[in-house]
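One chain comes next, on its own, written out as structure tokens in the form predicted on its own.
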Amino acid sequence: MVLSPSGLSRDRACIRRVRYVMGTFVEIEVACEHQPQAADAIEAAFSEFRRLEGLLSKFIPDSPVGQVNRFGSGHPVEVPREMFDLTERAVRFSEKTSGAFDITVNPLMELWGTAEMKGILPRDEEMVSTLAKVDTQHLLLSAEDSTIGFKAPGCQIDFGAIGKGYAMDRAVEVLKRYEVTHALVNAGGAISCLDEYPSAIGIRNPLDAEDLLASVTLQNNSVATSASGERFFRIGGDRYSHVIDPRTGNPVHHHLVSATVIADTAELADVFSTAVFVLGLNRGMDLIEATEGLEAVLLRGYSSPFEVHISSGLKETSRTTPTNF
């Protein structure tokens, strides 16, 4: 994703800060009249990112997620209510997407990470045994006790396809508490816009960052992209998408190279960009058209020029380069 020059900074003084948090570079830009207040707002928003990283990261052993993954197969683990509520929403998203989004995908991520280190593809029996651990139906959730456990030994959770979006939404709420009215939060290419003026966001060619294939307009909403070329496993000289299909256990492999979703919240954009990329062009676009409040731009093909497919709600408003239509 690329922010066009006609975005937030138009005719307004801005403060911009960048921090590395939640495994990516996060940029927060605030248009302001009072720079000290804007700087405080930005630092408070980054503090919220760091707080949620401590809550949701599977890489921190003592985090609530780390505790659930270590001990949840033996007995349910009490977690902060905020994490429990996010887990419940994730289960509903899994149902809505027919399992294309699934926070219990972590055993498969571990399997493919090990395969990359060894340089050998997973064996069939490894895939079968790992898939048996992946399904939100394995979750034991108690709203009364705010606990999370697992019915299936070895089941684990991973908030990687929802946590960043959730953190972006919370960071925007922090900015609002500081009375910020014009801001952009860019977390590794996912963007939230808090602004009374629309900002044009460019969707780039996955093979050429200078080539913008389409643009969408954000105004108090968010956009996120899942793509095949940005992160990948390399095994035996071959590249495999880092996005794993929780239903099959295999890296996603189809003609869809990029799925960009626009939604009212970054959480929704994060979840559904992943789900649509897993589902592919036809089923992914069907999901977008059937879900109120979502729009999408999907790129398909193995090489440039790519086909650009846009959802019905964007067809009258999305600006695209004419060579792609």
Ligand code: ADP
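Residues carry their position along the shown sequence, with the first being 1. Bear in mind the structure is a predicted one, so any value in this text is a computation, not a measurement.
Absent from the display: the form predicted together with adenosine-5'-diphosphate. The rest refers to it.
Taking the partner from elsewhere, no residue among V223, E295 and L314 has a non-hydrogen atom within 4.5 angstroms of adenosine-5'-diphosphate in the predicted complex.
By the criterion of a heavy atom within 4.5 Å, I244 is counted among the residues contacting adenosine-5'-diphosphate in the predicted complex. Contact check for G160: a heavy atom falls within 4.5 Å of adenosine-5'-diphosphate in the predicted complex. At a distance threshold of 4.5 angstroms between non-hydrogen atoms, V278 is in contact with adenosine-5'-diphosphate in the predicted complex.
At least one heavy atom of T274 is located within 4.5 Å of adenosine-5'-diphosphate in the predicted complex. Between 196-204, 210-218, 175-183, 102-110, the stretch whose residues reach within 4.5 angstroms of adenosine-5'-diphosphate in the predicted complex through a non-hydrogen atom is 102-110.
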